[in-house]
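Form predicted alone, single chain, as structure tokens, below.
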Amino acid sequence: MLNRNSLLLYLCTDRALSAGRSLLEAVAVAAAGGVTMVQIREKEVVSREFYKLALELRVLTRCLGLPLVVNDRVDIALAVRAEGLHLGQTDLPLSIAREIVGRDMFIGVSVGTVEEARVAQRDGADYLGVGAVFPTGSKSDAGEAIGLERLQEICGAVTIPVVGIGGVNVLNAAQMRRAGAAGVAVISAILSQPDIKAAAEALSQAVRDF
């Protein structure tokens, strides 16, 4: 079952943006700074390595009391007993993924339009990742920025929680929350910073004090 508060500060991993720090080290420090949920999103690894990384991260997040979400890979999510799965518009259809993982695992879906959001909610998504809200270099597949106005439209069109992603920083994180987002998802805004804990603390305060 998804706890809405877990979406406040949602960290997505990318070892290429972690300034040489190990995945486990970066996540542990970010958690100490206030991260509330972790998604393993490693696009450039083969299945066996992805599984190994996810399993190691599963041990850590369980110790930290944080939900773990696996990006794209239904098989890996099941294999490591993750709490959640996140799907993009070109991934396995949500209805099929739900049949496979059952009701114990929550599922998020990436959307960029009101229509996509309504379809995802109708099909049983537990939350939506909306973006890229602002321009970002962290995701090569993020597409053109949709802006705060569309984020607000999407938030108003659905009843499930929405997470804003794309170009998030301390200044605009609060804007996303005021637009209706339950939280923000970040990659480089935490992982690429010289002081990961301080970056997470600043974002954590921004999303709580909006």
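Numbering starts at 1 and follows the sequence shown. Here the structure is a predicted model, which means the values were calculated and not measured.
What follows is about the form predicted in complex with a further copy of the same chain, which we do not show.
- Although the partner is absent here, residue 93 sits close enough that one of its heavy atoms falls within 4.5 Å of a further copy of the same chain in the predicted bound form.
- At the 4.5 Å threshold, heavy atoms of residue 103 stay clear of a further copy of the same chain in the predicted bound form, well away from it.
- Using a 4.5 angstroms threshold between heavy atoms, residue 88 counts as touching a further copy of the same chain in the predicted bound form.
- Taking the partner from elsewhere, residue 171 is found to have every heavy atom lying beyond 4.5 Å of a further copy of the same chain in the predicted bound form.
- Annotated contact segment (heavy atom within 4.5 Å of a further copy of the same chain in the predicted bound form): 48 to 56, selected among 155 to 163, 24 to 32, 48 to 56, 172 to 180.
- Residues of 155 to 194 are not found to place any heavy atom within 4.5 Å of a further copy of the same chain in the predicted bound form.
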